[in-house]
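Given next, in structure tokens, is a single chain: the form predicted on its own.
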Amino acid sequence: MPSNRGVVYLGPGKVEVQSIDYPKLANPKGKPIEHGVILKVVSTNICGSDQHMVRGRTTAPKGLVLGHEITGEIVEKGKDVEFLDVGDLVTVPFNVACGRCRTCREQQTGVCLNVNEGRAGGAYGYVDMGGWVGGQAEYVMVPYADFNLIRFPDKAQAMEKILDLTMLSDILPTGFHGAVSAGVGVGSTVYVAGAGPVGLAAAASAHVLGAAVVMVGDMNKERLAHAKSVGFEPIDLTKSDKLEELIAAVVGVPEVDASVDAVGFEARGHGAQHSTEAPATVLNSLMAVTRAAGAIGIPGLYVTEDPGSKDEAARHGNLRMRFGLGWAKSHRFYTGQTPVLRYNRQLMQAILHGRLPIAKVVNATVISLDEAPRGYHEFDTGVARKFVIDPNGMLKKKAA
């Protein structure tokens, strides 16, 4: 049996590459299953959601193998897997979904009812998401493979665009979901809060959907400069605590047609308060700038428990929102984990046919598995990069 190594969470601020068990065709309880496959991981990405755990801002247990953004090659399959074969190169939605329950049948795979005893919804390598082992590793097991996985139609073509296609597991569908649920369409004016990878993916999605202008707000100068370099209007939130003024300086009016929260619960204040954590800041500012009867897409992560917060209410997932303003303006709010399978096939086609150079947009940067702890550290400093881990050297071999 091959060995296996993975990135393991050891406590706030600490991750380490360790030897871990080689995956078995079994669920987290150890019950054998035949609907899964074992993947040799080709690429696996560091996500901002992983950083929340590593910062100690969730109840993640020590010893958790991280990683929910996975692309891999099938090396073993269960006898119930009918439509995939050993050798196939596949993209893995971060959602673990059964394909059988009511929500899966409604394309709400982010809240599958059968893969997590604790709540609706499952994911790989993530706190409270069912105990599924993460994929920042050399090998990983994926259940319900026929339902969850999409095989790339041409393996050689896929490897040529692998840095783009690796984003299909999470951030590109997540950004796209944020833009779609915000109602972005032809001629829309759009504001995206957050110039991290998900925010940039949402901005790129807004362009594909036909937006007239896409503004991206942040306080990180490097990320704002990168956003500008790939075609978006940067909004420096340190300049004013009134987002309306910053928006008006670009589009002439203090409002937008659609807005996206790609920040989540670790938000900070704007203007003079930019160094102070204020969990509801983004949502309140988006209600202020989104037009009446507009929509706010919220792919940014919010948690039920935040033990690292200095705000007592926020420790239990409670926010001081100006919900009355949103109600008065007849806003629509769309929250929750992205149902990746709703979008990833068409986004794959957009990538393969040159419509969506997402790797360039998010500044994809390849690192080895052993470099993952450094990648976590650098990502936490706010560098304008999306780290892609190459656990088996397959990306390195491609580049050579």
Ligand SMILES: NC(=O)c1ccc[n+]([C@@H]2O[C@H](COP(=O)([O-])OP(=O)(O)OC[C@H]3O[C@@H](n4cnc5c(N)ncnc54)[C@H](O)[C@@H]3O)[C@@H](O)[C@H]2O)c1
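All residue numbers refer to positions in the sequence shown, first residue = 1. Note that the structure is a prediction, hence the values are computed from the model and not measured.
Just so it is clear, the following notes concern the form predicted together with this ligand, a form of the same protein that is not shown.
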Within 4.5 Å of this ligand in the predicted bound form, counting heavy atoms only, one of 261 to 269, 130 to 138, 147 to 155, 115 to 123 shows up; tell me which. 261 to 269
Using a 4.5 Å heavy atom cut-off, state whether residue 331 contacts this ligand in the predicted bound form. no
Is residue 297 close to this ligand in the predicted bound form, meaning a heavy atom pair under 4.5 Å apart or at it? no
Non-hydrogen atom contact residue 387 with this ligand in the predicted bound form at 4.5 angstroms: no
May I ask you to check whether residue 284 falls inside a 4.5 Å heavy atom distance of this ligand in the predicted bound form? no
Heavy atom within 4.5 Å of this ligand in the predicted bound form - the one residue of 301, 288, 163, 209 that qualifies: 301
Name the residue from 89, 104, 237, 247 that puts a heavy atom within 4.5 Å of this ligand in the predicted bound form. 237
Residues of stretch 217 to 231 in contact with this ligand in the predicted bound form (4.5 Å, non-hydrogen atom): 217, 218, 219, 220, 223
